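Next up is one chain by itself, shown in structure tokens, the form predicted alone.
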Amino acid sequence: MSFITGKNIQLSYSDSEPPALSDINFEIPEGRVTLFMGKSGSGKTSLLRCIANLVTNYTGDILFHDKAIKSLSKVERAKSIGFVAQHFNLFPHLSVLENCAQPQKLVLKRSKNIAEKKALELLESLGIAHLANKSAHQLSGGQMQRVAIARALCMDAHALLMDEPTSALDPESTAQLREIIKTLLKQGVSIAISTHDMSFAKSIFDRGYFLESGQIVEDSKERIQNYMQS
């Protein structure tokens, strides 16, 4: 049984513009990191947002354990796939703890105590439990990203999607992100990342796809590695 797959994905934002995605086929295996690489405008963020069900007007099929993602309930999606946006999308004047607990209470209907306990466990595992009572707007880019990761994992997501995760990070925070990804993989979290940062991509490359003008132009590990080295 496949983990997450996409079959013949087509997406257009406007009839007067070329398709954002055209005939995309992909697979995100369980327990591995999959990269969607390409320049800005190549379609990789649109694809990730389709997988997260944030964009739904595509044609074709995106499946989680052979079940259409569009058919999943809100709770099922939350427990299946977490999404970390490029700009993290934290509530700036809520505390770190509240940012992580509130979605659990609203979507999963967990009690305040259970939601906060789960949040603190995830914050601890990411080394930021000491920030629990800080407001999100007081955090650095790297800290905000770890809170966004914790928030997604608090929903018991089996897969984590990350859109351009190094765009707001300094070199030290990027190095910390690489270690977090390694730890999450060991914990059984499957990861998919969109990125145009080839240095970062090289450092974590396992498998992936290279997109150009809304199409996958490379999906061979050897050919992608040759491209990154050129």
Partner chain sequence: MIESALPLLLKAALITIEASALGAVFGSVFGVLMGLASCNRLKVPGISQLIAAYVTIIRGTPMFIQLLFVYFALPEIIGVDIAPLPAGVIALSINSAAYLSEIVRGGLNSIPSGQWEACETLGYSTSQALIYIILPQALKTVLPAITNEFSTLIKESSILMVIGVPELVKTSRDIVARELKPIEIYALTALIYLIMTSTVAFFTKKLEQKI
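A quick note: this is a predicted structure, and the numbers were derived from the prediction, not measured. Positions refer to the first chain, counted from 1.
Not on display, but discussed next: the form predicted together with the partner chain.
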Complete contact of R77, I81 and R151 with the partner chain in the predicted bound form (any heavy atom, 4.5 Å): yes
Position in contact with the partner chain when the complex is considered in the predicted bound form, options N133, S140, S111, N89, heavy atoms within 4.5 Å: N89
Might H93 be said to contact the partner chain in the predicted bound form, defining contact as any heavy atom within 4.5 Å? yes
Given that the partner chain is not shown alongside this chain, does Q102 nevertheless sit within 4.5 Å of it in the predicted bound form, heavy atom to heavy atom? yes
At the 4.5 Å heavy atom threshold, is L177 in contact with the partner chain in the predicted bound form? no
Is A115 part of the interface with the partner chain in the predicted bound form - any heavy atom within 4.5 Å? no
So if I measure heavy atom distances to the partner chain in the predicted bound form, which of the stretches 178 to 186, 26 to 34, 201 to 209, 45 to 53 falls within 4.5 Å? 45 to 53
Considering only 105 to 136, what residues come within 4.5 Å of the partner chain in the predicted bound form, judged by heavy atoms? L106, V107, K109
